[in-house]
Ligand code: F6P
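We begin with a single chain expressed as structure tokens, specifically the form predicted on its own.
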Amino acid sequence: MTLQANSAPQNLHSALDIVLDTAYQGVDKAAWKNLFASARQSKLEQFIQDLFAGKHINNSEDRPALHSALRNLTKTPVLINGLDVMPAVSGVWHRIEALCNKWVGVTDVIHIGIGGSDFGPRLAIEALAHVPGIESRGMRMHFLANIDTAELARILARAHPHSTRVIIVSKSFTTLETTMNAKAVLAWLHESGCTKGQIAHALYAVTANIPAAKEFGVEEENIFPFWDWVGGRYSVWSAVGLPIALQYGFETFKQFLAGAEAMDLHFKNAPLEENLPVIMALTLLYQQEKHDIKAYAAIPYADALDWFPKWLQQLDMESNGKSVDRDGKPVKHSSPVVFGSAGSNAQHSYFQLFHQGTEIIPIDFIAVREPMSDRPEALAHHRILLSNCLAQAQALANGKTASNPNDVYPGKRPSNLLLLPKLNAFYLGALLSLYENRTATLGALWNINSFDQPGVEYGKVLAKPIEKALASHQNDIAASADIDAVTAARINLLNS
């Protein structure tokens, strides 16, 4: 028995010329009927409407999750507490466009942010760099996230201080890694001979905390706002995505937003049975119920999307990595572990586990019809790339019998195929929006709040007394309320 369905067409779903093939999920008609019935019983359709209507679906923080407004190019009114947010959003678009036209002679941009302030724009810059013929403004875009000074040193060794611009991105403007890295870059500019006025001219901020940015020294006209109803991991559509516009032009940024908006409209309006984010969510839920899966992989057969699984890790695991639901009750399922990297490289890394390991790990295979190069050998290479993608899915689904146990492939390993017609700004935006909406759907099905992340804070709190103890250089630190015995011993080891 294989995971193939009896009728291929019922497994093909499409929107915006993106095709989703679920044939290898092993879900028959009766199971699909039950899945859609369960989704309706979970009031998923009402959740989708509430999401776009600005209802306070982020119940723990009592606010909406309206990142969709950031790509609402039609400027259809979006009300929060009776106030239309679209004039403010479109005002930021105009400022981004004006800045794109203003910058001349800039050689380097240092984008300082971490987490949601980093993954989205970094992914987009990397992915769009592979689009054949895309117009780049020639400036070098550097992403500084890690507090490890190795990343800082590598960037500063390449950048030209007198023609560098710095963008500090932090929703709260209190993120430790971001503020420390920003101070280090400002010190480098000063040490390189830049005057106070030149530094002020070079410094920009993207934040929801405008007073803190001004106090840091950013001039008000250089501050781009976003709002508390935008979660960090959903923020690339805001001025957080400024590097996309600066690097590739404002029209490219608009196409990125347009693709996301088009997928939003599909998610909002399509029946559940035709709704790509919903169908993808239900396939994962089905595998959780059937196999109690603990992980899934996203494998883009496009080198341009190598950063996509890293972006997706934050999206899924920070959104839905919860052990209690909206009502504070224990959950049966939440986010699996997410991992992946570009195919076919991934085949030579961990696919052995997929094929013959004891765990069943569902896979999203993501492929692009058109090659991402205009090299003369591009078509031949792309044909081999796609054949590997299809072959891996087939082998995982069907397996292979053999007399030698080492040569047995169990099969029945589920996967989706997501096929993009091409990879450009529009379809990159659509892809990210598809997964954002799938993540929100899964949260609704699990009754989890996908828009808070309290679990990331505790370690930050504990880091403060530990850093103070390390700074003391004492090797006789004792256990305390803030530092347990094991950590105290490790501090002493580092201080010795």
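Numbering starts at 1 and runs along the sequence shown. Since we're looking at a predicted model, the values are computed, not measured.
If you look for the form predicted in complex with this ligand, you will not find it shown, but the lines that follow are about it.
None of 254-262, 314-322, 77-85, 398-406 except one has non-hydrogen atoms within 4.5 angstroms of this ligand in the predicted complex; the exception is 314-322. Residue contact with this ligand in the predicted complex: G411 places no heavy atom within 4.5 Å of it. Although the partner is absent from this view, G116 contacts this ligand in the predicted complex, with a non-hydrogen atom inside 4.5 angstroms. In the predicted complex, this ligand sits within 4.5 Å of a heavy atom belonging to S170. This ligand is not drawn, but in the predicted complex it has a heavy atom within 4.5 Å of V456. A single residue from the set P362, G232, P300, P121 has any heavy atom within 4.5 angstroms of this ligand in the predicted complex; that residue is G232.
None of N222, Q287, S344, T175 but one reaches within 4.5 angstroms of this ligand in the predicted complex through a heavy atom, and that residue is T175.
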